[in-house]
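Next up: a single chain in structure tokens, the form predicted alone.
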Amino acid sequence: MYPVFCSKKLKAPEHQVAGHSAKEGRLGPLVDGEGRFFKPFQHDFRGENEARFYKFFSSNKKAPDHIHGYFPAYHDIQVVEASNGSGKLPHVVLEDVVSDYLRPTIMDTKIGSRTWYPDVSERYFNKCMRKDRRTTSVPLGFRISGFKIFDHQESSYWMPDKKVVHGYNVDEARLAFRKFVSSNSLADSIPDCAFASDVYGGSNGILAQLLELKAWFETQTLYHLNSSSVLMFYENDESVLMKGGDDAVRAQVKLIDFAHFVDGNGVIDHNFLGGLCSFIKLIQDILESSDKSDETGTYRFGNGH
């Protein structure tokens, strides 16, 4: 039996960009407003499998301490009222990684050219193969699941429809990664990549974190993370960005979604590693091009500052 959680009313996450949403009476994750994220068990083996991953990984001493920091903190399993009104269901309780961000800009990217896992049914295999081939999973080794950007020129969030995002081709995916670090994300003009150096670059930026993960995946044989995602986010509040520097934007990488993980059995996870390398190459290309095109190092906000 799992412990029953009694607290104030939980609510749907404000900044969720992918996956099943708890809004409009559907089953999805919830947050408590105090830094906890409640992810409901899926009704087949996937819920139990993801809970098993978090339980084992959180206490696994074979993974270095700095690598543990790239996963949401695990706070056990609790039974709470489901968002769809179906009654009390077990939820994996995790760290709400953006709870203390004012205006987080977020992107969820599914890693790997193959999203199916060993011993699946032929029907599921064919379903995954079709999706992998018609998205950027095969040509790039990853595909964007969803993203949300605070646009400074419009002073509002821009979150493209998931169906549009899932249909991105290679060029559109690359463009989205540039928009992710731009002050003019909604404009039809070329993204200015105004925040690329602070978000993607620097000693604490996204690229540095991804390279640290890559070094671990080059040797780790504990897990194969099938259909898992890289969640990257940063503080996009104007008052913070004006200070400049990668410490101010607090760019972070977290690995999420482990419903399809399997034991590594002593074998390197080449599928995830290959997608991660391709992801890194795209970030490096953006940094290189933005360094050449913008020598001023200034931000271009809608108020002219």
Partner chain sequence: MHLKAPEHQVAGHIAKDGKPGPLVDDKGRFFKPLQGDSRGEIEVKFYESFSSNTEVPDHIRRYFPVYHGTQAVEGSDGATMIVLENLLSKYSKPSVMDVKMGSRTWYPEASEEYIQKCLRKDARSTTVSSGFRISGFEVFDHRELSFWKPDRKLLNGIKVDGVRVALRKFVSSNTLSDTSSKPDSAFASSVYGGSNGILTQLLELKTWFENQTFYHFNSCSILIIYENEAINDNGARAQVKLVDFAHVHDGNGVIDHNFLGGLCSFINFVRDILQSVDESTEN
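Everything numeric in this text was worked out from a predicted model, so none of it was measured. Residue numbers count along the first chain shown, from 1.
As for the form predicted in complex with the partner chain, it is not shown, yet the points below apply to it.
Asker: Give a yes or no for Gly141: in the model of the complex, does one of its heavy atoms lie within 4.5 Å of a heavy atom belonging to the partner chain?
Answerer: Residue-level check for Gly141: yes, a contact with the partner chain.
Asker: May I ask you to check whether Phe125 falls inside a 4.5 Å heavy atom distance of the partner chain in the model of the complex?
Answerer: Yes - in the model of the complex, heavy atoms of Phe125 and the partner chain come within 4.5 Å of each other.
Asker: Can any non-hydrogen atom of Thr221 be found within 4.5 angstroms of the partner chain in the model of the complex?
Answerer: Yes.
Asker: Is Lys55 one of the residues lying within 4.5 Å of the partner chain in the model of the complex, judged by heavy atom distances?
Answerer: Lys55: no contact with the partner chain in the model of the complex.
Asker: Can you say which of 92 to 100, 191 to 199, 159 to 167, 116 to 124 gets within 4.5 Å of the partner chain in the model of the complex, counting heavy atoms only?
Answerer: Result of the contact check: 116 to 124.
Asker: His75, Lys88, Arg134, Arg174: which sits within 4.5 Å of the partner chain in the model of the complex by any heavy atom?
Answerer: So the residue touching the partner chain in the model of the complex, by this definition, is Arg174.
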